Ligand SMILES: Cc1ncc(COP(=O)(O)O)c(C=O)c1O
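Just one chain follows, in the form predicted alone, and it is written as C-alpha cells.
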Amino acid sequence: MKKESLTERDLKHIWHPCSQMKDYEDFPMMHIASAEGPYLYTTDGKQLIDAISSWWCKSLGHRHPRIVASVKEQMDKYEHVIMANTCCEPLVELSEKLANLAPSLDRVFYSDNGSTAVEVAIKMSLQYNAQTGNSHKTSFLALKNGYHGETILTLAAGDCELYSSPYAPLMPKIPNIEIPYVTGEDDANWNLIPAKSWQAIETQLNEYKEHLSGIIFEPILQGAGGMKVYSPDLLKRLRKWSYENKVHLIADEIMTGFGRTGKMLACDHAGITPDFVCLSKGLTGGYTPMAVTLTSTEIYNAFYDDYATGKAFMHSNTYCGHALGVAAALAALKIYEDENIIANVAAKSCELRKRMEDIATETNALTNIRNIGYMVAADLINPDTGAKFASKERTGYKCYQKAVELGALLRPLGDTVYFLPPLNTPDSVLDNLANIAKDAIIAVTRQA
C-alpha cells in the first residue's frame, strides 16, 4: 500500500482558513518544518521570507530567544489557571504595563483573540449606556473598508463582503462612514482632511447621534479592507464630536498596536485617547493567542455594584489571562523597549516605501503606493495599459504563487501587494524581499 504524502494526509481532514480548498489542487501548501526570525523553513529545506508576519502577528519574528525563554520558564510553573477569582504576579505586572499605554485607560479585560476583544468593547459600550440612563443608545457606526474580525457582531462592524456576505441574515446593521484616504505621512492631506469630506462625515454622524453608542475603527491604517491609510486629523475630529455627543470611540488596534505604524498605538498619531482600545497580535509577538480590551475606570464603575443588581459584565473566555500568553507578552513588551523597536520602525518607514517605489519603477505594474510605519502597499495594474486587472484573473494570487516559488510568503489582498514584515527584519532581508516581489510581479504581469 502506497504511503500517503503529508499533503494527502492534510487534505484528507483539514479545512484551511481563508481558502478555497480547490485552489490546493494547483497550489500545493508549504510544509513548514521550522521558523527563525523573519524566515520560515520547509521540510525540503527551502527558506521563505515571512513578508506578512504570518497574518500580521509576528511583530518580533519567529522564535525570539527572550520570548521563548520566558514561555519555557512559565511552563515549568503552570500553563493555565481559571482567571475568575485567581491572580498571579505576572498577570498583575502585565496589566500594570498595559494600563500605561494610553492615558486614563487603566482597566484591562482579557480575552483570547482580536475579534473577541472588539466584541467585548461593543458589548461594554452597550451595557454601559443601558446602566447609566442611556438605554436608547443602542446603535453603532464603523468606517467604510474596515475589518474587525470573524464573529457575527464584528463582521457586521466591518465592511469586507468577501468575509461577511454569506452571513448577512444574521448580522445587525452597522452603517459605514465614507472617509478620505492619504498615501502616508508625506501626503499633503496627512494633517488635515478636506473640509468637504468632514462636512459629509459630520452630517452622517449627526443623523445617527441620538441613538449612537459607539464608533468602531482601525486607527490610521485599515488592514483587510486594502491596507488603506487615512489622516490622524479624522481621529481628532471624531474625538471632539464624540465627546460633545457622548458617544464612545472603539479603537481596533489589533493590527496597528505595538509599533506597526511607528507609534506604540496608532491613535498616538492623533494624540487622542479613545474610550476602548482593543489589542492582540503583537501583544505576545504572535507567540500565543491573547487579546485585551482597555477602558477607563469611569466605564468600569458603571458595572461595579452588588451582584443582585445584575450590572456585572458577564463575558468570559476559557483561556483569558492564559499564563503562557502572559509570559510571552511580558517578554515582548520588554523587547519593544530594550531593542528600541518602535523608534527604529519610524526611522525606517521611508526606506520600506522606497523599496516599493523602486519595484513600481522597474515593473511599471504598481500604482497608489501608500505606507505608514512598517507597512507599504500598492495596487497591481497592467504595465502596458495602466488599467486594473479584472478580479477574475486573480493577478495578485498568481503573484503570491510566484513569490513563494522564489522564496517569500507574500500573500496579497486581492490585487493589493503589501509588505508587512516583522518589525526587526534586517535590511538585507527586506532587500531580498523586494527583489523577489519585483521578479514575481514581472513574471506574472508580463504574461497577462
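Please read these numbers as outputs of a predicted model, since none were measured by experiment. Residue numbers run from 1 along the displayed sequence.
Keep in mind that the form predicted together with the ligand is missing from the display, and what follows is about it.
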| query | finding |
| --- | --- |
| The ligand in the predicted bound form: contacting segment from 181 to 189, 247 to 255, 69 to 77, 323 to 331, heavy atom within 4.5 Å | 247 to 255 |
| The ligand contact at Ser115 in the predicted bound form, heavy atom, 4.5 Å | yes |
| Non-hydrogen atom contact Tyr147 with the ligand in the predicted bound form at 4.5 angstroms | yes |
| Trp56: touches the ligand in the predicted bound form, heavy atom cutoff 4.5 angstroms | yes |
| Contact label in the predicted bound form: Asp275 to the ligand, heavy atom within 4.5 Å | no |
| Position in contact with the ligand when the complex is considered in the predicted bound form, options Lys137, Arg260, His269, Lys281, heavy atoms within 4.5 Å | Lys281 |
| Residues of stretch 206 to 223 in contact with the ligand in the predicted bound form (4.5 Å, non-hydrogen atom) | Glu218 |
